[in-house]
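So this first bit is one chain, no partners, the form predicted on its own, shown in structure tokens.
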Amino acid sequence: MKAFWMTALCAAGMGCAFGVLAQTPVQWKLATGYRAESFHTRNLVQFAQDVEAASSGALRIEVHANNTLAKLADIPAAVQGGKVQAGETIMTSLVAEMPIAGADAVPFVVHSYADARRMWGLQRPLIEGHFARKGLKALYAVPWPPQGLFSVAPVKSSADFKGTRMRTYNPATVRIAELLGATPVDVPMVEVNKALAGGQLDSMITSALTGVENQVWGQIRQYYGIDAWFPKNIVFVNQQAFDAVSPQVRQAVAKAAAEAEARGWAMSETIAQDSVAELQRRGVKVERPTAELNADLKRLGERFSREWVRSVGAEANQLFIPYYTQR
């Protein structure tokens, strides 16, 4: 009898979601550590709206930005433990438990958005395997704009770094500085302009977007699009929470995630181009690296790749062997 009345109401246009009577919508909370103004967060909000629309309101996702629900470093554990249903973090923050995520930060391996897409295509199934063992499901990943080289003076080859001071902020950038013959100087981004004005820095590797946000054009004269690496943010959900919704809702989430990934990559590329254009408007000379500098950085990339493969082991070969052989 119940089935009869459900069928009758749906046929009468009384409003059914996915062939059943409308029910109280499922609520997911999605935590991110990034500001509401970040393009990643804006993409998340659009993703949430798309899921709600595609599921006819059966699933609503609340996006909580700027560490308000959980701090960035704690988000994966919060989602895994079921404290929140979904989250976003930068891939490199996962390295301690899944070293394959560190491929994002191996310098001078990925040289373009096309390379980064190919890398993600090979990396994704490996990440998904690790996530599955933790009770997590990857939804999509989007890169930040690539890391470029800012310098107070022209740079034609790696020899130009000798005797200079390079801003560093993690072990990888320290190693880059040392291999280039520069002195590493640990400076938080918010203090870079002060360090530049005081003559404490000669160069740094960061994205054009970060350079624009921090208005580094006072002392900086050069920007080289070396595309050193493309760090990615990944969005994921607790697998039990995902499995608890209907197949139709899961399909809506998967579709919206695919659209968010495509949209996010396009947003990242547009923002990268706009940031470089803003640097030019501010008087920074924008150039591609010389052939000599490019060759020097490529050799460094090969060295970093070998070292990373040795440190990570067989799983790294599952990523890098096809990445290099399919070029």
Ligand code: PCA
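Between two forms, the rigid core is defined as the largest C-alpha subset superposing within 1.5 Å. Here the structure is a predicted model, which means the values were calculated and not measured. Sequential numbering from 1, following the sequence displayed.
Missing here is the form predicted in complex with the ligand; even so, the following discussion is about that form.
Residue contact with the ligand in the model of the complex: Gly135 places no heavy atom within 4.5 Å of it. Although the partner is absent from this view, Tyr169 contacts the ligand in the model of the complex, with a non-hydrogen atom inside 4.5 angstroms.
Shown alone here, Gly181 lies farther than 4.5 Å from the ligand in the model of the complex, counting heavy atoms only.
For the chain shown alone, Trp144 is a contact residue for the ligand in the model of the complex, at least one non-hydrogen atom being within 4.5 angstroms. Residue Thr210 is the only one of Ser246, Gln200, Ser93, Thr210 with a heavy atom lying within 4.5 Å of the ligand in the model of the complex. Of the listed positions (Met189, Ala195, Ala241, Val152), a single one reaches within 4.5 angstroms of the ligand by any non-hydrogen atom in the model of the complex, namely Met189. Residues of just one listed stretch (116-124, 153-161, 202-210, 75-83) have heavy atoms within 4.5 Å of the ligand in the model of the complex: 202-210. Residues of 227-256 that come within 4.5 Å of the ligand in the model of the complex, judged by any heavy atom, reduce to Pro231 alone.
The Cα shift for Asn170 between this form and the one not shown, taken after rigid core superposition, is 2 angstroms or larger. Taking the rigid core as fixed, one finds a CA shift for Phe150 of 2 Å or more between this form and the one not shown. After superposition on the rigid core, the Cα of Pro188 moves by 2 Å or more between this form and the one not shown.
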